[in-house]
Structures are given as C-alpha cells and as structure tokens.
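First comes one chain, alone, set out as structure tokens in the form predicted on its own.
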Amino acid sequence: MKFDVEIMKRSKKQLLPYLMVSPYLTHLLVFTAFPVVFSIILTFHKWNIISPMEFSGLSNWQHIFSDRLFWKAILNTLVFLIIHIPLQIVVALTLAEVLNRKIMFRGFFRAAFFIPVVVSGVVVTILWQQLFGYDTGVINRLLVTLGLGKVGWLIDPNVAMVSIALMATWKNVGLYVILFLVGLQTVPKQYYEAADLEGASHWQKFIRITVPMINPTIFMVVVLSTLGGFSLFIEPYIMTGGGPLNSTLSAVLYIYKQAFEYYHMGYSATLGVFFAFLIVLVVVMQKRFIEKE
C-alpha cells in the first residue's frame, strides 16, 4: 500500500507541470496552430463559406502573379513604409534626445507623447479624418486663413498615402520615444565625457557614440515599425476605404476585402500566407543591412 501511495504521489508531481501549462498550450493550439494549419489547407481550395470547399490545386497561387490589384496594394504598402519608417525614427529619436535631458515638465511630456499609443486606433483615425476634411477640416481651414489653397489630404491620389503615414507616425511615435529613451539611458556617460575632452561637437557625439551604442534599439524600432506598417488596415479602411483610385489600398485591406467582401476565402488565405513570407524576407534583409552598417 505504501508503495502504491508513493507511486501516486510521484505521478501527481509529474503531472502537475503539464496541468499548469495546459491553458497556454490549449490557447496556442486553438488560436495559433489551428488557424495557421487551416490557412495553409485553404490555399489549395476554393471556398465561399457557404458552399463546401473545392480542391483547386495551385490555382490560387498562380492567380497571385496575375493579380495586378494585389501588387498595387503591395506597392502602396511599401510606399507607406518608405515614408513612415524614416519619419518615425527621426521624430522619435529627436524627441527622445530632448526628453533625455533635464528640462521642465519632463515627466509630463513623456506621458503626453505616449497617450496616443493607448488610445483606440479607430478613435484616432476618425479624429484625423475630421482634421483632413477637404471643406470642413481644421487643417484646410487654417491653410485658407493663411491665404493658401486647400489640400486634398484624403481625396488626392498623390497625397492620400502621405496623409495616412503622417497620422500613423503621430499615433505610434510615443512608443518609440520610450524605446529610444531606454536605449539612450544605457549609453555610458564616460564616452561623452571623453568626447568633450577631445572637443567633439554634439553632432559628432551623436553620430560616433549615440547611434552605434543604440543600434539594437534602432533595429527593434525598424522591425516594429515594419511589422506595424505591413499590418496597415484601420487607417485606410476608415479614412479612405482604399481610395482614391486604390492609392491607399494596403495589402491587409485587400486580403480582408477578398475574404469578407468577395468571399474568396481560399484566395484570401493564399494572399495571407504569401504576404507573411514577404514580411519575413523584408525583416531578414533589414536585419542584415542594419548589422552591416
């Protein structure tokens, strides 16, 4: 009997870690593993949610290379990234440099810049939609007051994506300010003191000391900005619907439309998988470039 009791105690001790981990494993299987596997299966099928799935082989994959609108959406997303990432880094690093110094109300400004990050993206987008209004928008009213012409912030195909990039930078810059502040505070002060003794200017200290020392932080900001840019959806969906003339149609918005407007679930899943591989490729290239530099 004692032997059986000891065996039961040992088995309970061995089982306890698995029971503790089981909620996470269940969540991982249900909300991560299953959707990924199901999406891969969908890439080889045609399905409109209502009718049963039909095996279509590689037709979905072949259709990608002839889908001009999808490549247009990819190009729009890349244009957004080209505008958004450098602007995000410059603005965030400049603000972090200022907030890293001893200035009045430093704590207030640090919190104020972070507020837009925690505000709902839908709320921020609707707010900026009103600011960018052509006839009633605050920005155009201010321009008219100054004797300048109105700008079609959301109705001009050449300006619409720039407007969205400006709004996205305003919303997210607070997060990257915090990250850069953490990076700046890890730079040893002895390096700056030695540079001062050598007569280095502020710009020389920034280029030769600050930037190399916060290189891991810069890489993190670039990757996070890239992932955020590739997932661009709420802003064009609410502000422009992908227009005008598909100039703000992002890749994620196009995938969404294929799934929930046209009910091409198989093709939408194929686009999603292809787009995921594209994101991984871009991030790997960024990593190699930044590390090389």
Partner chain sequence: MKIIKKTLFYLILVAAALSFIYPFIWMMMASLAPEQEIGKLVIFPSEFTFDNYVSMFSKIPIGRALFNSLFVSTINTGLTLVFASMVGYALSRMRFRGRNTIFFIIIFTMSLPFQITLIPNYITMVKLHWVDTYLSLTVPFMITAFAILMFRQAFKGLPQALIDAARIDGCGELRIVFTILWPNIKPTIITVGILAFMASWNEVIWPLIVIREEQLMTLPQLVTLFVVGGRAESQLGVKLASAVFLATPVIIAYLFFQKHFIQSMASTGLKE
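Residue numbers count along the first chain shown, from 1. These numbers were taken from a predicted model, which means no experiment stands behind them.
Unshown form predicted in complex with the partner chain; subsequent notes refer to it.
Screening 190 to 198, 78 to 86, 153 to 161, 107 to 115 for residues having heavy atoms within 4.5 Å of the partner chain in the predicted complex returns a single hit, 107 to 115.
Proximity of L249 to the partner chain in the predicted complex falls outside the 4.5 Å heavy atom cutoff. Taking the partner from elsewhere, Q129 is found to have a heavy atom lying within 4.5 Å of the partner chain in the predicted complex. Shown alone here, W61 lies farther than 4.5 Å from the partner chain in the predicted complex, counting heavy atoms only. The closest heavy atom approach of F44 to the partner chain in the predicted complex falls outside 4.5 Å.
Candidate site formed by H27, F31 and V98: every one of these residues places a non-hydrogen atom within 4.5 angstroms of the partner chain in the predicted complex. In terms of contact with the partner chain in the predicted complex, the residue from I209, V222, I74, L179 that brings a heavy atom within 4.5 Å is L179. Using a 4.5 Å cut-off on any heavy atom, the residues of 164 to 196 that reach the partner chain in the predicted complex are, in sequence order, W170, V173, L175, I178, L179.
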